[in-house]
Each structure stands twice: as structure tokens, then as C-alpha cells.
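Just one chain follows, in the form predicted alone, and it is written as C-alpha cells.
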Amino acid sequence: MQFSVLASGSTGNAIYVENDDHTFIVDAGLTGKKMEQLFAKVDRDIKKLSGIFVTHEHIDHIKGVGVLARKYHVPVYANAKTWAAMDDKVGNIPLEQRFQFDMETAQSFGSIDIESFAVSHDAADPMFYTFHENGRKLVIITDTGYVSDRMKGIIKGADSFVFESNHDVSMLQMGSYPWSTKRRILSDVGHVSNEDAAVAMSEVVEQKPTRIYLSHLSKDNNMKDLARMSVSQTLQSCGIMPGEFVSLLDTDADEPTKMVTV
């Protein structure tokens, strides 16, 4: 199983996952044209896409879903409430391409098992995904106001994480956003900060080589270097030394990460 974070940030999100038999994306939050460009950058054929797994209906996660589904006849998977919430945003998707993926369930696609789990975000029924194959585990968890004990139990021990590290609290508090927006981001249905993300990471990583991709960084309230430094310092305070077995890696809003094996 291999993957690339094609794009991650306030302006659009998409994560590519493949094995020998299937190619998937989790979310398609950029235009169809941009998605095609990102596939080309990782040298993958978008025409071979096996499915799109939607996490929730916010536009930075679904902007390209309808276009890709129609143009390339790709199946789309989402839970019932998310389908209802995004229907008028993605346009007509043929019935035979619409599939329901219920919350807290698992589905198998050949040798890959994909598990959905609930997160806490201001959307209809937001959920993210864990990919399992041959004893290896990839976790994708962004867009959550906090990481609950239940979430930690599901994601614990992954070999690779795509983990939200959305904002620096001081930057957010001192920034130009209206207070209502700040309050929403800081709430239990908003986004996790660098420090809160790192505390959660410290409770789910195990003593084995682990990649953590710092994801969904706010373009106004965070910076790559700051996120990496904050997460590293917090992990160290929790007794985990980045570089020993945990690798912290950047993601980008416009450039995909290199393809890696889970």
C-alpha cells in the first residue's frame, strides 16, 4: 500500500492511496483540473481511479468530487447524512456511482480493508478513514475539534498518520479573523491546534518507525516550520523524541508529498 498527500490545507484537501489492485482518493477538495495536475505530479493515471471516499461536505473536501465522478465514472462513497448535505454542491452523480459508507463500519476492497470513524467537526456527519493491508495501517484524521479516547483507540499504532495540525493558538487569537470564526476554530467542533494534535499523537504512536504528516495547516494561522517545531517540542515533553522512530513530515496546499509505502 502506497500513498501521497496530494494537497492539504484551508484551500483544498485530497489524499491518494493505492495498492496493486486499487487506487483511491480520500476527498477531492480542489477543482477537477487541479486534481488532474496533482495526479500527473505523482505520475499516476486519474483514469484508473477506483473510488472517492468523502469525509464531510465542506467545500475544501468536495469541490472536485462531482467533476471527477462524472468525467471518469468513479464510484463515490459517503455516509447518508453527508450525501444529503453535499448533494446540491457536487451536482448530479449517477445512481450507480453513489455508494453508502456508514459511520463506524468497515468495507473490503480486495486486500485493503477501509474503516470509517467519527470525528468532531461542524458538519452533518463527519468521519475519516483508516486503511489496513497486510498488517500495515494508514490513518487519516483531520477536521476535528479534539481527539477523543474512542478515536485514539481506533487510530492507535498506525504506521503512517495524516494528522491535523491546523493552527497556532496565539496566531489565531491575535489574527484578523472575526471572534465568531476564532471561537468556531477553537471549539470542540473546529480544528485541533499544533499542541493539542501533538498530545494526541503522543498517545497513539507506538515504538516502531512511524511517519506523521502534519496536515490541514491554516494558511493564516500557522506555518510549516512553526507546526513542526510546536509538535516536536510537545512530543518531547511527552517523552517522545522525533527522529528516533517518529518522523514529522510537511504537507502542502499545492504540491503533493512523494509516494511512500505504508
Partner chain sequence: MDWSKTKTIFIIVFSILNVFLYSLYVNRYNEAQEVEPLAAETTIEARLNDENITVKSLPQKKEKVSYISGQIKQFNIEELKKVYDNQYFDTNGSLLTSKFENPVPLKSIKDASSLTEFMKKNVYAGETYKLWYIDEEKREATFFQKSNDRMIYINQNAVVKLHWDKDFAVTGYKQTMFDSLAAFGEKSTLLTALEAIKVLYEKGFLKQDSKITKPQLGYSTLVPLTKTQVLAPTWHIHVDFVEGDEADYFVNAVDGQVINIHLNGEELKDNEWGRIRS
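Numbering follows the first chain given and starts at 1. The shown structure was predicted, so the numbers you read here are calculated from the model rather than taken from an experiment.
Form predicted in complex with the partner chain: not shown, discussed below.
- 171 is the sole member of 123, 151, 171, 186 with a non-hydrogen atom lying within 4.5 angstroms of the partner chain in the predicted bound form.
- Only one of 94, 175, 110, 91 lies close to the partner chain in the predicted bound form, with a heavy atom inside 4.5 Å, and it is 175.
- Contact check for residue 203: every heavy atom lies farther than 4.5 Å from the partner chain in the predicted bound form.
- Taking the partner from the other structure, the partner chain in the predicted bound form has no heavy atom within 4.5 Å of any heavy atom of residue 45.
- Using a 4.5 angstroms threshold between heavy atoms, residue 236 counts as touching the partner chain in the predicted bound form.
- At a distance threshold of 4.5 angstroms between non-hydrogen atoms, residue 60 is out of contact with the partner chain in the predicted bound form.
- Note that among 221 to 229, 23 to 31, 46 to 54, 60 to 68, the stretch whose heavy atoms approach the partner chain to within 4.5 Å in the predicted bound form is 221 to 229.
- Of all the residues from 187 to 208, the single one having a non-hydrogen atom no more than 4.5 Å from the partner chain in the predicted bound form is 195.
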